[in-house]
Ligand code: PMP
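One chain comes next, on its own, written as structure tokens: the form predicted on its own.
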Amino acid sequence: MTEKTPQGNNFDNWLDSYAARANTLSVSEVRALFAVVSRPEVVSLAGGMPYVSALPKELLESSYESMMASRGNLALQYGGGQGDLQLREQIRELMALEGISSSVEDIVVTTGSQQGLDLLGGLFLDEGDVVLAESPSYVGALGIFRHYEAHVEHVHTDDEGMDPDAMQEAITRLKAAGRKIKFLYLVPNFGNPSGVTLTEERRHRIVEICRREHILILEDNPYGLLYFANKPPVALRSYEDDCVIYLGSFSKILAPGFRVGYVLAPPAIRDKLVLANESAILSPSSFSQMLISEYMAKADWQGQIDTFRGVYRERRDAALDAMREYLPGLKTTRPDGGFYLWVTLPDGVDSKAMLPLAVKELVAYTPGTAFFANGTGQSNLRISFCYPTPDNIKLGIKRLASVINLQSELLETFVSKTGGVK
């Protein structure tokens, strides 16, 4: 008889029928917060949601009308598995801003860059394979690697990005143990969750090491054009064509609701990506692709990206000002672009255990544990400054400070009463 296991309020009659990898599926700590942060009284510093209100809706409305008049029948039809040719040409122009010279034939359009990551995971990862990743690393990528039963090896990362010496040490150690390293995954510009940008010197060294060690690099770059002052260094893909796969997205520079991303890959990998894409979804959305293409052809999209930069710069400054005012003793990164601050808590304060208390005080954040495959990260949390208004950012950090300070005081009292035994 099939065992019935409670899952929420339901019983699962098919427990013994799932594939083994289904056991790797778990609720994202970020997604799990959505029900809470949707409450209007809660200031959410948790989700990395773009501030789409800064996008003039008339730009999209006029693009929609023009697209439907000229390509409406095509937009409502199936498309090719590689993506719309006109949009791929425009993606080439977009990537050129990152220093990348590419062929339109090597670009594959995906349903968000998240699907691109999933396709690459399916193409390359077998159970037990190793993925090198930043420490901390993007939660969505970690979920994909876990689903394909890979081992994530976090590599030391500091204010200059991933440490090439630590990466080389990890490669040497893992290969000596007989482990198969399939690729390095990193978000080099204004990383999620750290906000850190990989320096130019380290980019060259990392590419050189991966080329020598025959390790693919997955360069995930959704935030690269959202810099606040100086542009980040050019993409790793601009240094090397054969060992770097580049992933981009329109979610942060336009709107995530379109669910359009793209992958630039060497020709042999590109061919397999197209086949995998067709197998998974037949084709990416023709409607979304053609609407974005029309927008890029008709609107001042680079001017709109400048607008987003100003919006996020103002919010970053509000977050840093609030941290200095309410939590002056805590270490935090100072990102030069993107969406996030990475905060280090006082000794002994656990970001995951503290979250329910923060929600009671009407503020939410993402615990650091979401960004480590090995369960660590309790001493950190991520603040997303992209969506709330500057005033709400200040209010949220003020509320957060009251929770952190209370937890720190309680911990100190406990330690003093127990003679230092925690």
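A residue's number is simply how far along the shown sequence it sits, counting from 1. Predicted model, so just to flag it, every value in this text is computed and none were measured.
Only in words, not in the display: the form predicted in complex with the ligand, which the text now covers.
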Would you mind picking the one in Tyr246, Tyr185, Tyr295, Trp342 that has a heavy atom within 4.5 Å of the ligand in the predicted complex? Tyr185
Identify which of Ser113, Gln289, Thr333, Gln82 has a heavy atom within 4.5 Å of the ligand in the predicted complex; exactly one of them does. Ser113
With the cut-off set at 4.5 Å between non-hydrogen atoms, does Tyr138 touch the ligand in the predicted complex? yes
At the 4.5 Å heavy atom threshold, is Arg202 in contact with the ligand in the predicted complex? no
Interface membership of Gln304, the ligand in the predicted complex, 4.5 Å heavy atom rule: no
Spell out, yes or no, whether the shortest heavy atom distance between Arg313 and the ligand in the predicted complex is within 4.5 Å. no
Partner-facing stretch of 208-216, 123-131, 304-312, 222-230, counted where any non-hydrogen atom is within 4.5 angstroms of the ligand in the predicted complex: 222-230
In sequence order, the residues of 231-256 that place a heavy atom within 4.5 Å of the ligand in the predicted complex are Ser249, Ser251, Lys252
